[in-house]
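Only one chain comes next, encoded as structure tokens, the form predicted alone.
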Amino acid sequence: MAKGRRQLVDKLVGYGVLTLFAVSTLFPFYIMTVMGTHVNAQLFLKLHLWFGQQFLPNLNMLIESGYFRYFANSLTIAVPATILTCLSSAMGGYALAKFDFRGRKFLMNFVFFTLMLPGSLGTVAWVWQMKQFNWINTYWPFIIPAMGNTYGVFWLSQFAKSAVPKEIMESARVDGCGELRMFFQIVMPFLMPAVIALGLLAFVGTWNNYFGPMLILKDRSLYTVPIGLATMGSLFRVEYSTRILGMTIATLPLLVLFAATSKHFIMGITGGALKG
């Protein structure tokens, strides 16, 4: 009886600590949501813990400024870029993990080398290349280069080493299954936890990208959410409460995605860590 009571107390303490951590994590998002419902001037007076009366005026200001056009533009970039990142990384990782071909070691070393380089190092060359392709002021610079995600290739190769059984692949080949069909129908289900985890990270990175669109996009109608929020306001006034409301709305797709894929995301993260 005492042992059962001790286990119950330990469980309650554990749940209490986890609840405390969850509340402390969600509290900044709650404050951000509250700040988006107040008048701009009130944000500098004190920390508001409850909602104000400025939600509809701030939302109307967002609509008038073209915010939801920026929102749609961000989706136009993030969705195809995420799909291409996942597809190319899964193919590349699977090939490096399960095929023995000439130049495989060189490619693996090349992937390792590129992971050591900061992405900002190639900014000038990237902009110059996009100019040569006549892709300035278009979305292609953020969609097509997403296929060359070396981190995704490395992650998927480590995951595929032990996640995809060789016996199943050999049985499929004996039954006459082609390589492309085997990849999509047999290999991809094994890789799906890591693919979903990579897709979530790729979507978040593309959705929050500020530096790239700032360099490439010149037409205001093509702006994404980060650029649109940064340029919102006038010469003499910055609408901080409206911007905060815009940031709150922009966070919602990320929360929905993580809530829908959290189980697969955790499996992909832990699987890649343990199977390397």
Partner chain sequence: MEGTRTTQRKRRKFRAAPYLFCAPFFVTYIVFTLFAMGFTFYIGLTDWNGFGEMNYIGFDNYVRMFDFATDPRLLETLINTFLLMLLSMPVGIGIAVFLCFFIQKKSLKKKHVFRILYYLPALMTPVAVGLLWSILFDYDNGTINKILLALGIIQDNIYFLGTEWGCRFVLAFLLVWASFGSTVLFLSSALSNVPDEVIEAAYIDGAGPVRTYWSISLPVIRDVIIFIVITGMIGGFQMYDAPVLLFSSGPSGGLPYGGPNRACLTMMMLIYDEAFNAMHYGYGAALSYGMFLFVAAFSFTSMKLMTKKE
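Worth saying up front: this structure is predicted, and the values here are computed from it rather than measured. Positions refer to the first chain, counted from 1. Note that the rigid core is defined as the largest set of C-alphas that superpose within 1.5 Å between two forms.
One more form of this protein, predicted together with its partner chain, exists but is not displayed; see below.
Exercise: P145 in contact with its partner chain in the model of the complex, heavy atom 4.5 Å:
Taking the distances in the model of the complex, the answer for P145 is yes, it comes within 4.5 Å of its partner chain.
Report whether the minimum heavy atom distance between Y94 and its partner chain in the model of the complex is within 4.5 Å.
The answer is yes: Y94 has a heavy atom within 4.5 Å of its partner chain.
Decide whether P57 counts as a contact residue for its partner chain in the model of the complex under a heavy atom distance cut-off of 4.5 Å.
Heavy-atom contact with its partner chain at 4.5 Å: absent for P57.
Is there any non-hydrogen atom of R243 lying within 4.5 Å of its partner chain in the model of the complex?
Close contact exists here: in the model of the complex, R243 approaches its partner chain to within 4.5 Å, heavy atoms only.
Candidate from T114, Q158, T76, T138 lying within 4.5 Å of its partner chain in the model of the complex - any heavy atom
Exactly one residue meets the criterion: T114.
Among the candidate residues A163, A81, M130, V195, which is the single one with a non-hydrogen atom no more than 4.5 Å from its partner chain in the model of the complex?
Partner contact (heavy atom, 4.5 Å) among the options: M130.
Even though its partner chain is not shown here, does it sit in the model of the complex so that G14, I31 and V204 each have a heavy atom within 4.5 Å?
So, yes: the whole triplet contacts its partner chain.
Heavy atom contacts to its partner chain in the model of the complex at 4.5 Å, residues of 95 to 109 in sequence order:
Going through 95 to 109 in order - heavy atoms within 4.5 Å of its partner chain in the model of the complex - the hits are A95, L96, F99, D100, F101, R102, L107.
Would you tell me if H48 moves between this form and the one not shown by 2 Å or more at its C-alpha, with the rigid core held superposed?
Superposed on the core, H48 moves its C-alpha 2 Å or more between this form and the one not shown.
F29: after superposing the rigid core, is there a C-alpha shift of 2 Å or more between this form and the one not shown?
F29 C-alpha, core-superposed: shift of 2 Å or more.
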